[in-house]
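The chain below stands alone, shown as structure tokens; this is the form predicted alone.
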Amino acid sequence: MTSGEPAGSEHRVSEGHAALAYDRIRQAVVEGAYGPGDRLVEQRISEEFSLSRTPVREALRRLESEGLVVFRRNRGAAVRSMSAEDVRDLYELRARLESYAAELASVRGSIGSCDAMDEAAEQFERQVDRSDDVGIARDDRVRALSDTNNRFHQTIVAAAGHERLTQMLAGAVDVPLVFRALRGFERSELQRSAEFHRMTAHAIRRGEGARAGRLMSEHILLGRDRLMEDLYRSDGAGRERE
């Protein structure tokens, strides 16, 4: 740091590099550029993103705390792998937790939070309408779907006003799996998701907690079913090659 730079600027640069490394590695994991089980070698990632190893190491530790990365003894970091049973268990846990969040939101939610749900549902629906637009790169379309889908679910969790439930859901929602599901959905399946968003938001606004909970659970379990089909199909193809 030169004498003309303000105190603390070097620290801010370091924090900026760590944040950049986190954003880039996380995006690569979420979107499947780094697949389940892939080793995340610090030196290789540093060269790929033109960063030093220190912010890369910090980013990997942060991703470990989020459950996206695991550290193995004598092998270093790797993208977390999940079996079909892991996927089933995680989605069923998420369905129960988020169903409860929808029930609470119907009681604790404000007019403002209900308006936010409606707006998020409409944003997702607009992205569904654009999902076949060949003028937009496929990954960009899926990113937009993923972002607006996450926004809708987060508005419900926020409206539930339950801090511990929010923390539990942070560990139960596997973002790469959600991204994979959205990437594989047919247009009709995306439209079905949009309809579930609308119906759930409507039930919450009307204070129909039990109905909102059932709708949310069914919505999430339908996503589980599609992922399980993909996993079994991939597993079967792998066995045929063997």
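We call the rigid core whatever largest set of C-alpha positions still superposes within 1.5 Å between the two forms. Note that residue numbering begins at 1 and tracks the sequence as displayed. What you see is a predicted model; the values in this text were computed from it and never measured.
What comes next is about the form predicted together with a further copy of the same chain, which is not displayed.
Is a further copy of the same chain in the predicted complex close enough to 123, 192 and 211 that every residue in that trio has a heavy atom within 4.5 angstroms of it? No.
Which one of 159, 145, 97, 79 is close to a further copy of the same chain in the predicted complex, taking close to mean a heavy atom within 4.5 Å? None of the other options qualify; the answer is 97.
Taking 4.5 angstroms as the heavy atom distance cut-off, pick the stretch from 101-109, 149-157, 115-123, 133-141 that is near a further copy of the same chain in the predicted complex. This holds for exactly one stretch, 101-109.
Quick one: is residue 67 in contact with a further copy of the same chain in the predicted complex, heavy atoms, 4.5 Å cut-off? Close contact exists here: in the predicted complex, residue 67 approaches a further copy of the same chain to within 4.5 Å, heavy atoms only.
With a cut-off of 4.5 Å between heavy atoms, is residue 93 one of the residues that contacts a further copy of the same chain in the predicted complex? Although a further copy of the same chain is absent here, residue 93 would touch it in the predicted complex, with heavy atoms inside 4.5 Å.
When the contact criterion is heavy atoms within 4.5 Å, does residue 75 count as touching a further copy of the same chain in the predicted complex? Residue 75: no contact with a further copy of the same chain in the predicted complex.
Looking in the predicted complex, any heavy atom of residue 31 within 4.5 Å of a further copy of the same chain? Residue 31 lies outside the contact set for a further copy of the same chain.
Note that a further copy of the same chain is not shown here; using its position in the predicted complex, name the residues of 133-166 with a heavy atom within 4.5 Å of it, in sequence order. 161, 162, 163, 164, 165, in sequence order.
Residue 58: after superposing the rigid core, is there a C-alpha shift of 2 Å or more between the shown form and the other one? Yes, the C-alpha moves 2 Å or more.
Post core alignment: residue 26 C-alpha displaced by 2 Å or more between the shown form and the other one: Superposed on the core, residue 26 moves its C-alpha 2 Å or more between the shown form and the other one.
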